[in-house]
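Shown here is one chain on its own, the form predicted on its own, set out as structure tokens.
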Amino acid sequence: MTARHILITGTSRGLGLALAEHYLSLGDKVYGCSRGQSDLRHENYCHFEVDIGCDESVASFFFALRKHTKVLDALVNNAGVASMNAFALTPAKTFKKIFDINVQGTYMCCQKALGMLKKSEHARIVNFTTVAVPLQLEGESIYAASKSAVETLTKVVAKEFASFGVTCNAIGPSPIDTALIKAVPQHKIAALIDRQAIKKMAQPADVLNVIDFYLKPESDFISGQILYLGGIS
């Protein structure tokens, strides 16, 4: 199989790092980014320091990226932030940070990547949502609202980009032991898992399985879909 050119955001740690390592192991060329440096060293990996919640930073990043590659086969918008706050106690700065990174960051990357994605025979965009949306989780109103926006963005982009041969789908993981949920009390994680049909923590491999499916050349006819893990509907 010809090596693919894959852009993954938020690759310095956690799920993003696992994604980068997975596609590197398959022989793909991976471009990653995060706020800081990465410890990942591989001949087919290129890292950029980007503030994904800042439009100027994202624009500069794509300008630099185009010096390394003219084509992208896939964009995986993994970078995101969460915050456990009661709605009445959520500061405006928290609201802005979550929407800047989760929504604006996804929107900017989808928009800026289009020119490179159009040059691929099987172009793919994969966005990240969360089971907090269908479960309407208490204490995660702003995080869930931001991911609801990402879901709507995914469905509209799927329609608008279809004529360019670009599919756009999303995955909503159930809890995974990453930095994103480190601050969430264990009893809250346990209560969330109890609401799933499959009552266990998700693993990075569960997410990789879905993204691999979305990225397959045979998935050309699948777009605008939201897939939640754990038996959530």
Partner chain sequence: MQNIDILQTIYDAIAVANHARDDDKQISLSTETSLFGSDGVLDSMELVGLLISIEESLMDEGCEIALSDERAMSQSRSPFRSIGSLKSYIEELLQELSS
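Residue numbers count along the first chain shown, from 1. Model, not experiment: these values are computed from the prediction.
Keep in mind that the form predicted in complex with the partner chain is missing from the display, and what follows is about it.
Visitor: I need to confirm a contact call. Of 189, 46, 59, 176, which residue comes within 4.5 Å of the partner chain in the predicted complex, counting heavy atoms only?
Guide: Partner contact (heavy atom, 4.5 Å) among the options: 59.
Visitor: Using heavy atoms and a 4.5 Å cut-off, decide whether 124, 216 and 221 all contact the partner chain in the predicted complex.
Guide: Negative, none of the three is within 4.5 Å.
Visitor: Is there a heavy atom of residue 70 lying 4.5 Å or less from a heavy atom of the partner chain in the predicted complex?
Guide: Answer yes; at least one heavy atom of residue 70 falls within 4.5 Å of the partner chain in the predicted complex.
Visitor: Could you confirm whether residue 133 comes within 4.5 Å of the partner chain in the predicted complex, counting heavy atoms only?
Guide: Result no; residue 133 lies far from the partner chain in the predicted complex.
Visitor: Residue 155 near the partner chain in the predicted complex, any heavy atom under 4.5 Å?
Guide: Result no; residue 155 lies far from the partner chain in the predicted complex.
Visitor: Taking 4.5 angstroms as the cut-off for heavy atoms, does residue 138 touch the partner chain in the predicted complex?
Guide: Taking the distances in the predicted complex, the answer for residue 138 is no, it never comes within 4.5 Å of the partner chain.
Visitor: Hey, of 145-153, 125-133, 112-120, 74-82, which bit sits against the partner chain in the predicted complex at 4.5 Å between non-hydrogen atoms?
Guide: Result of the contact check: 112-120.
Visitor: Output the sequence-ordered list of residues from 153-169 with at least one heavy atom within 4.5 Å of the partner chain in the predicted complex.
Guide: Residues within 4.5 Å: 160, 163, 164.
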